[in-house]
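Take a look at this one chain, the form predicted on its own, written out in structure tokens.
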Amino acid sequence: MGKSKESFALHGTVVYCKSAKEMVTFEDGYVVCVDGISEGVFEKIPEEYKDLPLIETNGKLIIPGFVDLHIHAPQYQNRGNGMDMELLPWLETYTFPEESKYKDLSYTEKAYRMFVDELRSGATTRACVFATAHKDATLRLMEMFEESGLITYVGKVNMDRNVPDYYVETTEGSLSATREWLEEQKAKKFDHTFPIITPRFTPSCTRELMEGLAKLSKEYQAPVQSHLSENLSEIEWVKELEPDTSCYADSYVKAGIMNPDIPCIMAHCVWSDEHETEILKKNNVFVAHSPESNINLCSGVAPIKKYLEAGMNVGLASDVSGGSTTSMFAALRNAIYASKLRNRLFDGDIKPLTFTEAFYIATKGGGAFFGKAGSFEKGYSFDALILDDKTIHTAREDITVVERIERFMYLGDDRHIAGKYAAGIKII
């Protein structure tokens, strides 16, 4: 399905990260794409690529596409609502009622179309997405993403306890519907849309359900996504529900959901202590940092700098609708804002995120969940954004490339996107 991957070169001002500490810039560079894969960035076009089509950007910024490691598709419709609430009452008041509407496929069609269209026109090239508990609606969302050209993991949500009667599943029904969904999406033979096993979080999933989902993950070779240590009241609830566990993460470990053999994303990890952090490291878990959501829902600020320095996998997330916007530009600057607050108010010995670190987790850090993505290094999938910063005015003639990209992240938005590619396929 979909378009074929292309070969070409982009000419402009190139910025990407090799690591959380190293940003690479070319004021006048050529990024080469062959069959959807980056061949690297060059000051001059190498002889072997001189016959490729050349796309001239006239000095525009060229950066890797952004990776949204955690976003809720059905919650797009209630973004901006209930931002004066904490997590658990917010779920009861806004989230569960909205998600329950997706049993109606006519509503699904209208609501998911808005969501996918916005992601397609924005800075996100890859995303890990929560759908709802509805099998058919989740499959329709996957079809829309496949048509969009974006590269995504999409998950049918699973819940068999502590959810309103109008939305809760039985354990057997949840597992059965998940297996049916996995089989049906497999028959579609999507090129760039993939399934991800999605227990909502421990409070809404019994041990039996999570054990069954772990088996499905292994059988279908599908990764896992969920939530962890987001909010203090949630953590206390998990202690009551799972008294045999040493911490929140241990509830996933005991169920088999979290282990080194299953690629796993845990959103938030705001309150993970040293013990829980060691469990995350041992199991190669990706932390999806959701800075705006954590502030909006009174959760706190995750110690992302600490996780980075510990060598953990960290990506950036919008977490709509805990986060109010799908904009990854906003997520990046919010990550920096939040880290400054944590440094000043809580962790004075841990410095705030640098711009390079924030840019890294928005691109290569989260991209690692997809394999080689989020960089222009040789062998990486060619995901790119072309950004036009000409209308972000300055009288300075000495402005550097790094200063240009910094200013864009704080002053630019999706309207300044002049081009977008995912795995070599032109999206915009």
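Since the model is a prediction, treat every value here as computed from it, not as a measurement. We number the residues from 1 along the sequence you see.
Below: the form predicted together with a small molecule, not depicted.
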**Asked** Candidate spot 72, 200 and 227, all three in 4.5 Å heavy atom range of the small molecule in the model of the complex?
**Response** yes
**Message:** Going by heavy atom distances of 4.5 angstroms or less, which of 115, 90, 102, 329 would be at the interface with the small molecule in the model of the complex?
**Reply:** 90
**Complete:** With the partner omitted here, the residue among 255, 297, 196, 301 that in the model of the complex has a heavy atom within 4.5 Å of the small molecule is 297
**Item:** the small molecule contact at residue 293 in the model of the complex, heavy atom, 4.5 Å
**Value:** yes
**Message:** Even though the partner isn't displayed, in the model of the complex is residue 334 close enough to the small molecule, meaning a heavy atom within 4.5 Å?
**Reply:** no
**Item:** residue 95, heavy atom within 4.5 angstroms of the small molecule in the model of the complex
**Value:** yes
**Request:** Would you please decide whether residue 268 lies within 4.5 angstroms of the small molecule in the model of the complex, comparing each non-hydrogen atom pair?
**Result:** yes
**Request:** Just one of 347-355, 116-124, 308-316, 72-80 has residues with a heavy atom within 4.5 Å of the small molecule in the model of the complex, so point it out.
**Result:** 72-80
